[in-house]
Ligand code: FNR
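Just one chain follows, in the form predicted alone, and it is written as structure tokens.
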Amino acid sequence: MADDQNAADTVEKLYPVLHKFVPAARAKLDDGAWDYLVGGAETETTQKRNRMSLDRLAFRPRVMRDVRTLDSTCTFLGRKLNLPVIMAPIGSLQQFHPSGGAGVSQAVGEFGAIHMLSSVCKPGLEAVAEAAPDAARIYQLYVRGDAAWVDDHIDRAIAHGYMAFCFTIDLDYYGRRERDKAKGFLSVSRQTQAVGEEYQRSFNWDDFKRIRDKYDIPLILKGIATAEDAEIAVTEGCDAIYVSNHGGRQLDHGRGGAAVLPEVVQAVDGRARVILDGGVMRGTDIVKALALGADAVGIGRLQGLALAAAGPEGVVHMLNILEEEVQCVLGNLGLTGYDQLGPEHIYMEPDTVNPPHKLSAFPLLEEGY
């Protein structure tokens, strides 16, 4: 216990702010793993638009409110959380730290968030559940087999205590990630892409309806980018709509996630939960997403940076910092909880202050990342 506390204290001193994770992660990762973590598809326009769609959102604070007592907790799909945050699925976590998915699940269990485990992340479904039995865990699947293959994964996830099951639906053709291609880096997800990729490409609403009819576990569809598909998903019984463009790593020249969010929230109209990811790096981003109607946010790159820099302890500390940031934002908006937060607290600015790029959320970083 003393060793654990000493390790936590060390991490807290080394990383007093979020951007301190960046140089430490870069120093520990080779060029291939680094570019996989921070890169996007082709011109990386979608990736940049993720940040731009968040940065254009300005706050409209109210003053003269009693904000002595703040509550930044929430409930998501029946689970009480300290923050409305999901560690987004990353297939190559083990390339950032040996603990891989087990380390992240342990970290979110300690803090009180959710880990969405990628189906191509090591050490795998069962081992992660064994390593973090009490953590809030969601299993995410790339479809690489027939109906029996899919059902086997769902059965195993249910048997091992996963609280929901997610299908990623925006990876029919693997995005042209030119940073990876130029350096010959082959990520875990790309290594598995060629095996059974025809099943992912043929996965459709009839397949989802079959699964919905058979299973009671909450189902999530990750990769929704239009109101039209959100409407179909809810009609077919989807429990959570995950607004995502794969962190800008799939379809280039897409819209930023926060730009898509309002139309999806309107289409869903409270009939399902809504998750947003894409460029979320700060507490301000979390509050903006919730103001526009999201119920939770997914965090990808920041998760990888914290894990690479300082292991599972780094992920816990990153979440602690986000919690402090969220509470600061809520209080300075004149709010004591998310129930008071809404679109009236947001104003759309015509331009962004910082030119958007993969790490533009951290303008105090020196050049070179």
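In this text, residue numbers run from 1 along the sequence as written. A quick note: this is a predicted structure, and the numbers were derived from the prediction, not measured.
Another form exists, predicted in complex with this ligand; not displayed. Remarks below refer to it.
- This ligand is not drawn, but in the predicted bound form it has no heavy atom within 4.5 Å of residue 208.
- Among residues of the shown chain, residue 277 is one whose heavy atoms approach this ligand to within 4.5 Å in the predicted bound form.
- Contact annotation for residue 311: none of its heavy atoms lies within 4.5 Å of this ligand in the predicted bound form.
- Residue contact with this ligand in the predicted bound form: residue 120 places a heavy atom within 4.5 Å of it.
- Three-residue candidate spot 37, 140 and 222; every residue lies within 4.5 angstroms of this ligand in the predicted bound form by at least one non-hydrogen atom.
- In summary, the region of this chain contacting this ligand in the predicted bound form, judged by heavy atoms within 4.5 Å and restricted to 73 to 81, 233 to 241, 112 to 120, 155 to 163, corresponds to 112 to 120.
- Contact annotation: of the candidates 128, 88, 107, 258, the single residue with a non-hydrogen atom within 4.5 angstroms of this ligand in the predicted bound form is 88.
- Contact with this ligand in the predicted bound form, judged by any heavy atom within 4.5 Å, is made by just one of 144, 246, 282, 97: 246.
- Residues from 299 to 313 that approach this ligand in the predicted bound form with a non-hydrogen atom closer than or equal to 4.5 Å are 299, 300, 301, in the order they occur in the chain.
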